[in-house]
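Heads up, the chain below is alone and in the form predicted on its own; it's given as structure tokens.
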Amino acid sequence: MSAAPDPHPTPASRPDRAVLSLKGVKKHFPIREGAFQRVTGWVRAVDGVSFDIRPGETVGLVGESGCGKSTLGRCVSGLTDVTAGGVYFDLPAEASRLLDNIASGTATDAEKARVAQIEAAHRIDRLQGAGYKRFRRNCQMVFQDSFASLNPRHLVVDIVGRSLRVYKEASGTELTERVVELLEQVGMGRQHLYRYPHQFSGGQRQRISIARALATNPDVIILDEPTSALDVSVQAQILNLLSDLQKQHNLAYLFITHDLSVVRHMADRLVVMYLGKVSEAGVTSDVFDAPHHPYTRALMEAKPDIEGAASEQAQGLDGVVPDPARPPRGCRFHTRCHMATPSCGWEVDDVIRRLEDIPGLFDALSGVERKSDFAASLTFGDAAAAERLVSILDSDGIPAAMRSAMGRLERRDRTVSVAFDEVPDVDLRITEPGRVASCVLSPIEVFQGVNE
């Protein structure tokens, strides 16, 4: 006798579907100033991110602090509304291709007519009723701070069993036994039921968080730095636990971390973020073997113990992440890149950033008249300051690529006019099957480390 069809099929039972699909996700936070709190700008925490999470796979999301990883995790889990783009749950491959056609402008009128229907059925911020309830129970999250994410006034049995009560799956003695089963899956037991979070170690609290996430038997779990606050020995226990649970339940993970050693061990595919955008994505082993973006290479060189020894040629990362309220044009990484070229997107803000690092010169700046992002006139309080800026911009202290991109550098009394070659923003492009990167250099040039 054949098995009865599943009345509520999930992405795990339909491999042609992605558990979660991100399509151009953006999250911008307003900058408010003045007594009336008027919006004067936007912090672009996430600025157009797209990738899929398949059943049973782990997608690693890495980058420096402030690159937008945790914000994206909250968008994916539905805890934060997106500014633009969308997150889609249980999206069929055909519908995913249709949405890609819409984004690229190649969709037919018939395809455009289907968009509203697809969004109503799969886009998480458009789901209602049973559809939203199904997404909510199938997408869980484990937070970085296990102490802050567990209610200090609730017992473990209440924390882990809450979702079972909410979805009316168990009550009374049955609920208690279900909670015991969940605790045993994460290496704990019945003796922990009636204790409070402060009575546990950091590793035990993280196990409780994982048990809570498993309660509704979800398809995907968002793991936001789940081991960063733990000792190394405890980290290994939690990572092995997550790996075992994934095999048992065919779970999909979005693993957010800054630890490349951890993500190399855990992730099937890797997504590298910088300043709100994806710099590179591909199969984890391929990305580690041959990075296609200088930022990815710099991250790996900043973690020399990946290969067991530091390289004498390793340069790592210099400088700080630019202001996400005004990200650099072109390639966002060009301000810190050892391989930058004249076509990477040098602009007026690069001059302003140099001024901020020069004592006395930035204070002498009295006005900036912008003609565009790539051209402006800078006026100083005296001619000597203007002359000093010209000499600095024409010196070896400025990257050669920046000087080459400078189409005009003139001084008239107290005013310096500067203009750079205009270039479009660098978008992701396919560098090889299954790999994308946003760099003007070829993968071979990045691998060889040109301009070093």
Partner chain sequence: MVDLPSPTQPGTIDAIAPESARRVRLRRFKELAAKVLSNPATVLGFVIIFAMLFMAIFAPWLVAPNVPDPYQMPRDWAATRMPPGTPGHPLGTTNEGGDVFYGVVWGTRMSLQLSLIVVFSTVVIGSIIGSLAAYFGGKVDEFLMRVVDVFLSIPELIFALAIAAILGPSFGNIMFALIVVFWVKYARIMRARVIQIKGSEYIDAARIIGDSNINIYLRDILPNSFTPVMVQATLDMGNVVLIAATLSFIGLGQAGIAEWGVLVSEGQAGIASGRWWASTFPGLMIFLWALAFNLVGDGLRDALDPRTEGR
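Here the structure is a predicted model, which is why all the values come from computation and not from measurement. Positions refer to the first chain, counted from 1.
The form predicted in complex with its partner chain is left out here; the points below concern that form.
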property	result
Contact assignment for its partner chain in the model of the complex, among Ala148, Ala116, Ala130, Ala110, heavy atom within 4.5 Å	Ala148
Answer option from Thr257, Ser77, Ser343, Thr71, heavy atom within 4.5 Å of its partner chain in the model of the complex	Ser77
Full three-residue contact with its partner chain in the model of the complex, heavy atom 4.5 Å, for Gly24, Gly41 and Thr83	no
4.5 Å heavy atom contact, Asn217 to its partner chain in the model of the complex	no
Touches its partner chain in the model of the complex: Lys371 (any heavy atom, 4.5 Å)	no
Non-hydrogen atom contact Thr173 with its partner chain in the model of the complex at 4.5 angstroms	no
Gly381, heavy atom within 4.5 angstroms of its partner chain in the model of the complex	no
Candidate stretches 322 to 330, 188 to 196, 101 to 109, 120 to 128 - the one whose heavy atoms come within 4.5 Å of its partner chain in the model of the complex	188 to 196
Residues in 214 to 237 with any heavy atom within 4.5 Å of its partner chain in the model of the complex	Gln237
